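Here you get one chain, nothing else, as structure tokens; it is the form predicted alone.
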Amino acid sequence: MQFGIFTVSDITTDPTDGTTPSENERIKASVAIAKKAEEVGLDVFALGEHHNPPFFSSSPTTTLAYIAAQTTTLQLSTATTLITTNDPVKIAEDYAMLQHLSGGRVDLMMGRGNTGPVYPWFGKDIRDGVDLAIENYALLRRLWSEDVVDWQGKYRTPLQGFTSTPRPLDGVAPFVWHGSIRTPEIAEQAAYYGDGFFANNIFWPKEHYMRLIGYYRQRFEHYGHGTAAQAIVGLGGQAFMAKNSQDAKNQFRPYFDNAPVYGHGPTMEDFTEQTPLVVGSPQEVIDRYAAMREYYGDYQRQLFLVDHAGLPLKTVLEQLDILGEEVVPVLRKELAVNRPAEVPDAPTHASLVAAAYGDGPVREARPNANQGDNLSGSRPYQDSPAPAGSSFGPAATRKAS
């Protein structure tokens, strides 16, 4: 079971003192938060992607690479990568590079995005959102799994004889989660490929997400990836903690009441009753999240949102201390009790490599001399098979005499 945090990278005015951090301050704070997450024993740090104020994170790979260089165990992920408006070729290249630089400590969460104008900014139509997610991801899978890709779709320039570099570390692509808060087609997509499904269940009552996750589990089994109980599920969550419940409520209320996401709507009491937001003592957080598997089944990853709504860095770091020292160790134990042996852990690079190769040697891609020309019969890597029909020329393989 993995525990971690995710940030949506918002830059929000602190309602208690009226200060707004600069982009530079918030970017540096995100690095400090990630390092603190590893220090207190958390497993995952995930960073969102946005292309407009008040968010700072337009380049998750740059930020995650910088964090990777300053951490050793932390799994780095996204929350989310925009599969609709990013070019799948660039996603394949960027995240394979990050995978190499981080020693395999990277996975991705794909999402369609929730900022409407981002579609026309990148030449896309929001009405094509689901179709873009499906087509672009199909191409991304091929770019990571095939050395030479010929491809034609509806939304992108065709590819002929294209090789995405670098090839994935050890010949194993990063694991992919598909994030959604309401879209059955995305749950279906995750199930079809046997990927993970991440339900960011921070906005609505649990019954909504029970249906969505139940559907994903059912379809995961339908496509033959394992039983429904073996499907790979992640959950979003959020909490604000203090030693006693009333102190937590008093401290967090001004942030809740003014937060762009949920302020000026339901009261904090109504919101905490109907969603996974917990504002209270560490034990209250433990009780709420230990019960999650009663609704969603045994799952693999729990991420908490802790740095939003204008909370100052000092407070966020204090929250991480509580999370890492008092909450997560207890949750690890409680969620391990009576966990069926058949339920897998969240995939990591090491487990994916073991599944692909067993005890055998892994692939280390070594290029042949190549000038970007896979069209006339050359093969880009020393272990790539020669194209069909290559009886002569540089792609031909001399038969043993």
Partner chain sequence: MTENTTRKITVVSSGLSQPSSTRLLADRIATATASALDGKGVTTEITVIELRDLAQDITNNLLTGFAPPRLQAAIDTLTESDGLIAVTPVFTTSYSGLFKSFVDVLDPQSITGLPVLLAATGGTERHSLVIDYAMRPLFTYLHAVPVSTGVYAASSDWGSAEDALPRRIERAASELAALVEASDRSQHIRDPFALPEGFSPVGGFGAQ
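Numbering follows the first chain given and starts at 1. Remember, predicted model here, so these are calculated numbers, not experimental data.
Another form, the form predicted together with the partner chain, is not on view; read the next lines as being about it.
- The partner chain in the predicted bound form comes within 4.5 Å of no heavy atom belonging to residue 290.
- Among residues of the shown chain, residue 275 is one whose heavy atoms approach the partner chain to within 4.5 Å in the predicted bound form.
- Residue 192 belongs to the set of residues with a heavy atom inside 4.5 Å of the partner chain in the predicted bound form.
- By the criterion of a heavy atom within 4.5 Å, residue 142 is counted among the residues contacting the partner chain in the predicted bound form.
- With respect to the partner chain in the predicted bound form, the three residues 182, 223 and 265 uniformly fall within 4.5 angstroms at the level of their nearest heavy atom.
- Stretch 146 to 154 is the answer when you ask which of 301 to 309, 234 to 242, 146 to 154, 71 to 79 has residues with heavy atoms within 4.5 Å of the partner chain in the predicted bound form.
- This chain lacks the partner; the member of 97, 138, 126, 317 within 4.5 angstroms of the partner chain in the predicted bound form by a non-hydrogen atom is 138.
- Screening 89, 212, 101, 286 for any heavy atom within 4.5 Å of the partner chain in the predicted bound form leaves a single hit, 212.
- In the predicted bound form, the residues of 186 to 206 lying within 4.5 Å of the partner chain by at least one heavy atom are, in order, 188, 189, 192, 193, 203, 204, 205.
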